[in-house]
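In the block that follows, a single chain appears as structure tokens, in the form predicted on its own.
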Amino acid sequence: MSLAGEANRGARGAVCGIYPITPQTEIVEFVARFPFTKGRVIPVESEHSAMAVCIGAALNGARTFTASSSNGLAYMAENVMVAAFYRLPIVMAAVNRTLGPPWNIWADQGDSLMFRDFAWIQLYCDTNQDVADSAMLAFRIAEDPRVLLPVMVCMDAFIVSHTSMEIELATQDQADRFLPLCDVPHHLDLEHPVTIGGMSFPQETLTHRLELDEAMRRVPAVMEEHRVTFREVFGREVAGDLEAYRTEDADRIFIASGSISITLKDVVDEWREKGEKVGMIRIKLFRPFPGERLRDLCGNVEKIGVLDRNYSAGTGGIFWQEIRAVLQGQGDRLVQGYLTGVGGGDVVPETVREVVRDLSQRSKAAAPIWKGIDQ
């Protein structure tokens, strides 16, 4: 984020509203130390205020960033909604941590997914490199005039946020070339004062929601355009909406997001060595959900297993629900949900092998299956 903020020094600079919460704290500490040529980092008394700072800054045309996690995100909720409905291109790092009580600091995607209907674009990252690259891509998507929506860059707590690995970091020159100056077309102008967030009637609200929907539907194509530019500037790929692996001839496909995808990929390779035709799809873009592309990648595969590190009470995994809805009317295929790593439990290779074995022998879908529960 720091390089992205500095890249806007020729315009209205960068503003970060920050408040710490484990395991996000190191992110805002790093941002607070960055010597922006033009910008301010503003420590505040709560997560709600952190987003309020970003809202005010974005309404004045600045490039804006914040970060949060778990109950901090929950406390921020009102302003998370406001940021999207004001069409402000704010980027937020969401370090996925279990919501409490009981208090738990380990990985669970329920915190960011509670905002799945708040008109924020959501990107789920699997590695440190993916986080760094996706943060840069997020600003380009958010500020695109065809979109103008905020973006969450999500990562699993500790598994990604506190794991060290070698990555290729952007240079300031690359950030300057990749990111145009931030232009918020509806920013406040003292010469032409307007009211922001006033009362509206049902018909105006309906029009507003339709415009949000249209902007969301443009995101996948806009994202692909900027991925091409990213490759040209940085000389490497950044993952798009969905990442397919060994799916071309697969008769069973497993779908996951975040760090579970890394373990799943290794297990897919194991089973391929045994002659088993299994494949996987990693979901990177969750909002908007790339349903049409998912249908294309799944083809006529009859068995699909979905591994969720999240849970909607009384229903099952959130990604599983979304995938079932997308595949509805696509034939009598089996789509089985598996709840894995909920509450931050380890998803080790044997856990994933159990999922593969279960789906392979299954002839019909059952209620979502919990993995990692002591019997």
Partner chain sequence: MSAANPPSTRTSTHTDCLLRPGNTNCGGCGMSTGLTMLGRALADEDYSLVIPACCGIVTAGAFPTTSYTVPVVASTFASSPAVASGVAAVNELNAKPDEKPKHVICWAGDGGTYDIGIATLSAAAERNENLIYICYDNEIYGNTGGQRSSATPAAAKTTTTPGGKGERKKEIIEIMAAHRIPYAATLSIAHPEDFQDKIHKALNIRGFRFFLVHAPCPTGWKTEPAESIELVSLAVRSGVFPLYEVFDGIDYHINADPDDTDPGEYFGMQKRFSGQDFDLLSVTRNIHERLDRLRRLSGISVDRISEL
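Numbering follows the first chain given and starts at 1. The shown structure was predicted, so the numbers you read here are calculated from the model rather than taken from an experiment.
Beyond the structure shown, there is the form predicted together with the partner chain, which is absent from this document and is the topic of what follows.
Student: Using a 4.5 Å cut on heavy atoms, which of 161, 79, 263, 247 is close to the partner chain in the model of the complex?
Tutor: Filtering the options by heavy-atom distance leaves 79.
Student: 323, 57, 347, 27: which sits within 4.5 Å of the partner chain in the model of the complex by any heavy atom?
Tutor: Only one listed residue qualifies here, and that residue is 57.
Student: Residue 210: heavy atom within 4.5 Å of the partner chain in the model of the complex?
Tutor: Because no heavy atom of residue 210 falls inside 4.5 Å of the partner chain in the model of the complex, the answer is no.
Student: Using the partner position in the model of the complex, report whether residue 201 sits within 4.5 Å of the partner chain, counting heavy atoms only.
Tutor: Yes - in the model of the complex, heavy atoms of residue 201 and the partner chain come within 4.5 Å of each other.
Student: Should residue 86 be classed as touching the partner chain in the model of the complex when contacts are defined as heavy atoms within 4.5 Å?
Tutor: Judged by the heavy-atom cut-off of 4.5 Å, residue 86 is in contact with the partner chain in the model of the complex.
Student: Report whether the minimum heavy atom distance between residue 45 and the partner chain in the model of the complex is within 4.5 Å.
Tutor: Yes, residue 45 is a contact residue.
Student: Residues in which of 310-318, 65-73, 31-39, 327-335 have heavy atoms within 4.5 Å of the partner chain in the model of the complex?
Tutor: Looking at the other structure, the answer is 31-39.
Student: What residues, if any, in 171-203 have a non-hydrogen atom within 4.5 angstroms of the partner chain in the model of the complex?
Tutor: 188, 189, 190, 193, 194, 195, 196, 197, 198, 199, 200, 201 sit within 4.5 Å of the partner.
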